[in-house]
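Read the single chain below, which is given as structure tokens and is the form predicted on its own.
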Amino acid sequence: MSETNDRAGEERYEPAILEPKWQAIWEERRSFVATRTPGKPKFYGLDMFPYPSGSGLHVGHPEGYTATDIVCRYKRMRGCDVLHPMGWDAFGLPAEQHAIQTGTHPRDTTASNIATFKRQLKSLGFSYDWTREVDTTDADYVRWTQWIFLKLFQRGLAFQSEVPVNWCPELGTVLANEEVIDGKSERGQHPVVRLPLRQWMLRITAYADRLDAELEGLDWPETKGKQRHWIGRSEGAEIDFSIEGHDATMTVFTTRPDTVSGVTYVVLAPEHPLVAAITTEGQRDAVNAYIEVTKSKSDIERTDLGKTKTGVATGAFAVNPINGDKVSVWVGDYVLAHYGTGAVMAVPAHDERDHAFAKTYGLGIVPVVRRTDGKAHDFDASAFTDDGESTVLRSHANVGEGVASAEVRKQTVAWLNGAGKGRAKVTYRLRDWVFSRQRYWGEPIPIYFPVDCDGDPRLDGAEFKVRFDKPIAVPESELPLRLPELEDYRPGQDPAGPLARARDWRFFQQDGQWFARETNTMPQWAGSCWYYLRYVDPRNVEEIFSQDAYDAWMPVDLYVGGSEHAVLHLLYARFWHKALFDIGVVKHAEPFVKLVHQGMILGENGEKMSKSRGNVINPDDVVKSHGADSLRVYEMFMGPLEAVKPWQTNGVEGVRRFLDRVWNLGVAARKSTSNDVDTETLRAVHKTIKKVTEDIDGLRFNTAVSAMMILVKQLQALPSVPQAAVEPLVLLLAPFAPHIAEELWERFGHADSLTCAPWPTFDAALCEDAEIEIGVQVNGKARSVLKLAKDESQASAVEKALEDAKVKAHTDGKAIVKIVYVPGRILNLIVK
């Protein structure tokens, strides 16, 4: 389109000028401040808020933010009131570690990092309502996080327990299982030991059934499966095995009570209290040595499915309650004391790992299940899981041979229950949430305890006893409980944490009685459990939020974030939300209606972006070289939102050329002498409107961009570009590339921003092709393709087909004996 290119030469597309211009205008006009209008629909679009690290954003971060922003801008143009907020998940270990290394207080580091993140996000033109910005470290926010904790405490959902944890003396903290590799800390490779430690726990298991069942109505593709796996609901039975020669019973849980007659050994966790009581003197040294080695292993190492199972015999025997068989009792580190009952029964004939263990240690293998085809086997894992299998059980009361496994399970549980040796049971893989952190940079837990002492416990050498068995809630009127100002916030050898060293803060006197504040802090998860609720009313000093504000915006309509949060963050947030639902603070059982995880953007070398790999792309550099709109459109054009994709700088350059072409069309349209749109162009425009509308609704942003690129090429081919054809393109582009769209809209003579301009509509009739292509076959073989009217008659279709050279080559001189014609689909000529 030479005319357009010549005209465009008079004006250039300069993102560095127009992008800051429109960002300033949006801020000045408060374009994205969320307000509710009676009678209008609402839309709450939420991003998983970032941890403000010192390195700032890389180009992987804006992908999800851009997707949410496109939908939010689109919803405004569709007539919705939109809430689109942003904030900061600012507590946690990284800030504290940086502070320790640099000598800078984490509060100062966090404030600096937030400023960098905020500048970067604003430079990308995201339509956030910055008046609702939240920071999890802000005192007003901490107040309500602590308030929720107290509500959990009052309902018995927050409690103390002594649990085995991964303690790293060098780092001075408890580590998650994922942070321990081969008995050493992932950070620094320091030795880690397992020891019992007083911890605050949240009773998430009380909500296990609801967390599982209430996933059903959510639009959470794939993530629902991950949550269900983590929750791990299992139906089965608890079975009691007596210990020969001891007044003791070990209880196992199994999902297959029909196979209990095939048990040939049982295994206890090394921490199980029965181990010390039943181990024979001849086996005690071997068992103790095995337990000592186990202390250096994390739960993940111990339960690794790829790891060979190991164990040591205790020398004791258990009695199978269903047939009286004596089976050996072992200790095995793959059994966890805090999972299930801490004991398992082994059926090596029908479990692959039990089978391998039995082979290694020369234990019995007793087949009790056969497939319905009667095929014999010594070991066949499929027989343990196949539906429709039958069983062969050694006879016992009310349970015979050759009965389907499903029925035998019922019979076995009924018999065990009647004999007082077992019971039906539903269990969950989900464990209660360890909520304590022995760190400084986190929310103080608003609990204190009485102290027994003769003098002032703050003095050096003072002797005192903290009564941890008598926790007292900080009065709500005294919230927030703030962190003390510490010069030394490094962790130490004391598992009580660095706050234990802040004696003037920790200890206080009231009516002659000394008290001690809790020195553990909350995990980083705490602030992110409920931030979406604070966004609806972030400046409320009287309530966590008003009911009017809640009613105006909740629930969240679209939640976008990384798949690394598919389990824990979402599980914890749902748990807190359900607890708040039960006490009437919220009105929906689930907070997030639709959830989408964006795929990771890799470096140009196909590896995960990281400083160590040297492949991090800074969005500031891309904005400077190509513009924010180019970055936004490119990240949506790379591929499906959920897919993992490598960054390619030449791809950004291609998108920048596309935006240049859009600019040139806009310039040419303003100077065009005619605003008439021919029918073919009108059809192209309406088809594009339809396609982009449907693609945004379906979050198919890459194909929406493709559709706009195709339309641009069609418009470029016109001898003169009418503004009436370009304006709809600009509106379609606005959610993707808002700066260039705003500028062109203004240049087209519109006084108002297009932020809330009506979304273009399409005429369905114009989206239907008058002519369509159909395949023509001769004797069932494709020979040609014809353009025919949608309602072309059979006679006309045959006539046109016979005039086609490719068809004639196969029909000349032959008689048509049959015609198969489906209008708009296919024409098949049967000839002889």
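Since we're looking at a predicted model, the values are computed, not measured. Residues carry their position along the shown sequence, with the first being 1. So that the term is clear: the rigid core is the largest set of C-alpha atoms that superpose within 1.5 Å between two forms.
Omitted from view is the form predicted in complex with a small molecule, to which the following refers.
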In the model of the complex, does residue 194 come within 4.5 Å of the small molecule, counting heavy atoms only? no
Contact with the small molecule in the model of the complex for residue 118, defined as at least one heavy atom pair within 4.5 Å: yes or no? no
Residue 336 near the small molecule in the model of the complex, any heavy atom under 4.5 Å? yes
Check whether residue 554 has any heavy atom within 4.5 Å of a heavy atom of the small molecule in the model of the complex, and answer yes or no. no
If contact means a heavy atom within 4.5 Å, which one of 433-441, 564-572, 351-359, 317-325 is the stretch that engages the small molecule in the model of the complex? 351-359
Single option in 142, 343, 416, 689 placed near the small molecule in the model of the complex, where near means a heavy atom within 4.5 Å: 343
Only one of 658, 253, 153, 514 has a non-hydrogen atom within 4.5 angstroms of the small molecule in the model of the complex; which is it? 253
Taking the rigid core as the reference frame, is the Cα of residue 680 displaced by 2 Å or more between this form and the one not shown? no
Large Cα shift (2 Å or above) at residue 624 between this form and the one not shown, core-fitted: no
